[in-house]
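Quick setup: one chain, the form predicted on its own, written in structure tokens, and binding and motion questions come after.
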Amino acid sequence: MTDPRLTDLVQAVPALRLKTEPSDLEHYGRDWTRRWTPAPLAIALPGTVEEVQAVVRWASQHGVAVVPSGGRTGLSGGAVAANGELVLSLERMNRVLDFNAVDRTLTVQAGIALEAVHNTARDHGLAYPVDFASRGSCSIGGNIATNAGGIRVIRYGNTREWIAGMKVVTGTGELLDLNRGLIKNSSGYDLRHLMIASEGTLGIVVEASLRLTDPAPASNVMLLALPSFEVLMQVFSAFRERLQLQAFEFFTDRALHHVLAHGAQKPFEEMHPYYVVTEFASGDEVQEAAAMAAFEACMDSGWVSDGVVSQSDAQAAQLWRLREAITEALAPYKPYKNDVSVRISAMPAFLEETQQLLGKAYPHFEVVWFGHIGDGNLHINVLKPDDMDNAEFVGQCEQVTTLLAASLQKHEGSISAEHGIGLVKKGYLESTRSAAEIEVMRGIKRVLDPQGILNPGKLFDV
């Protein structure tokens, strides 16, 4: 350990675990984007809130930037440390701290994995309903930092709706205890919601109190094959009118191709251009009849070509795998990702415009579409050809993202639905936020992080 600043850090926080091996720097210094070469100063792994505070005070004193780190499953470069930053990993702070049966809350440290939260809630006969494919590796702190959504937003909303309170360490090392689990609290600004989706630029989430709810009702999963992109919203409307939807997800034949190559089972004999996997309440004969009525109405209208409904939990899991395994199946191709959203009412016009735009812009690239169509969120993945230089590939993709951002601005959408802005999208923030809004955001950061040490360069440049 040759850097004298690290010697000072060890002296200031004697119990702190510190990693400086090259393999650790590479592992902790990047997220799933893989577009930047990780180059952190070191990796700090605190075990207590007090150690987090001490590390931040040291960083402020020495002018060292800090990148908060959870599961690093992000896709926007929000957890990348490429410029000598100290990575502050919360992975050791992964315990359940309290369960309150009356308030129906679960208090956890920020480094706990989402799947562990699901399991703990289930053990108490309740549910934490936010869910996505990376549940086994993503952390609650990271979910809060990006206001993560996932596959059941249509029924339960984003992470924001389920945070009863949290403790956050600011850029000065001060600990804020926000909202304290209150249901009603009109005592001024709700700083809890300010921290949610701030991507670690305003503070480091160290604890969170999560709201729990009743377990989801008995449900079935149905996979639908669609003949064209244009009928997607009609199918959604038909199912939403008749059923209590838990999820409504779509993907293309190219997405299915990659998932099948990744080991999933083929759902139909024939391939179809588009697919929907939907989950809906189905606890009695009336609900089951309503599901079949929705399916038959779509078949009669020519909106659906084929379908299958789950007959067991195992089959439901197989059908969900076709959607949830897409990101993992595409990872070897180093995809350029767009994660966008518009109001559901604006989705038909936006879909038509975007499909034409990308068809013209990417004729020589493979484009894989999927997303949470029921809440207006599309994921657009452009796969890098093997023989193309990565910098050239990204450059071409960014030219089209500029056009996409303009379309989103016209439709009053967002360049980031649930992955955050990070390094990847900060150049397009003005398509979603006005200049006045961005200036207010900068002012808030100056108050909570006066030295500018918390995740600098992410979201915007100060």
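No experiment lies behind these values; they were computed from the predicted model shown. The first residue of the sequence shown is number 1, and the count goes up from there.
Not on display, but discussed next: the form predicted together with D-malate.
Visitor: Where does D-malate sit in the predicted complex: which of 76-84, 368-376, 90-98, 256-264, heavy atoms within 4.5 Å?
Guide: Heavy-atom contact with the partner occurs in 368-376.
Visitor: Using heavy atoms only and a 4.5 Å cut-off, determine which of 282, 209, 158, 327 is in contact with D-malate in the predicted complex.
Guide: Contact check passes for 327.
Visitor: Pick from 384, 152, 337, 192: which has a non-hydrogen atom within 4.5 Å of D-malate in the predicted complex?
Guide: Partner contact (heavy atom, 4.5 Å) among the options: 337.
Visitor: Quick one: is residue 418 in contact with D-malate in the predicted complex, heavy atoms, 4.5 Å cut-off?
Guide: Close contact exists here: in the predicted complex, residue 418 approaches D-malate to within 4.5 Å, heavy atoms only.
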